[in-house]
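Just one chain is shown here, as structure tokens, and it is the form predicted alone.
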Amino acid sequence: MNLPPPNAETETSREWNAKRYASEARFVIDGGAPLLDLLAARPGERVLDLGSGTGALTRAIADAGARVVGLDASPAMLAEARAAHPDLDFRLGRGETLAFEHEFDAVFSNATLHWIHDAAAVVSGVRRALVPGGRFVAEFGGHGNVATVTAAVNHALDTLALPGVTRPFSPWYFPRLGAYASLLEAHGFDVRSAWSFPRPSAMPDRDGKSGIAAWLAIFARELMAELPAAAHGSFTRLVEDHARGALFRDGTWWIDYVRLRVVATPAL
């Protein structure tokens, strides 16, 4: 997981709540599990898990016999990962400032790259981190990801017009498939496979909050921190009302995820 540049290694109200993420957003980890089959880590390989989060997929890579390094920009996520997997190597670092030089047979990344706007810096760093013959296996949000949620959030912000709150809400990098494939090729990769697909994901109600309110608390935490506490209720209701027709089905909120998945190797 990546965050805007941190000013300390201490958790703030805008940091990830790692325990909440692990329990309430488990679908992100579970959705990335098929990516492990594409990675096909082999015993003895050196693998970088870029955006390792709470370490669940890092653990799976290690269990395949690979020597894995988990890298994450969130101190809270790292603390959770280190507590759960004390035998693994987790490090604080950002995807756009990778400093590895031809150290890894593979770079793996799930649900992280859409948080990093400097995609060219990420791709360049990944290319540099790989040994000749290595591979880059990644999945993240693609064009159209959470479009309905984003539209509902911006509708609510426009309606409330609260001073000092950033508008429009658009914190992510969701590229089109062709644009990202071209970016990889421009930075010395051969794209072996690339595809985009919808993956609606259930976000159940819990603790008296709607699923969409729970989603906002996790994935729009910076925006929620900007909003005055007194406005949280009206803001959430406006988002729910705007998104309900498209996203609420059979008593459950379904977040409109669209994923982009790529496998690429350094060009010879």
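A quick note: this is a predicted structure, and the numbers were derived from the prediction, not measured. Numbers for residues come from their place in the sequence shown, where the first is 1.
Form predicted together with benzoic acid: not shown, discussed below.
Comment: 168 to 176 is the region of 94 to 102, 130 to 138, 183 to 191, 168 to 176 lying near benzoic acid in the model of the complex, near meaning a non-hydrogen atom within 4.5 Å.
In the model of the complex, Asn145 approaches benzoic acid with a heavy atom inside 4.5 Å.
Heavy atoms of Tyr257 reach within 4.5 Å of benzoic acid in the model of the complex, making it an interface residue. Taking non-hydrogen atoms only, Ala111 approaches benzoic acid to within 4.5 angstroms in the model of the complex. Contact annotation for Phe235: none of its heavy atoms lies within 4.5 Å of benzoic acid in the model of the complex.
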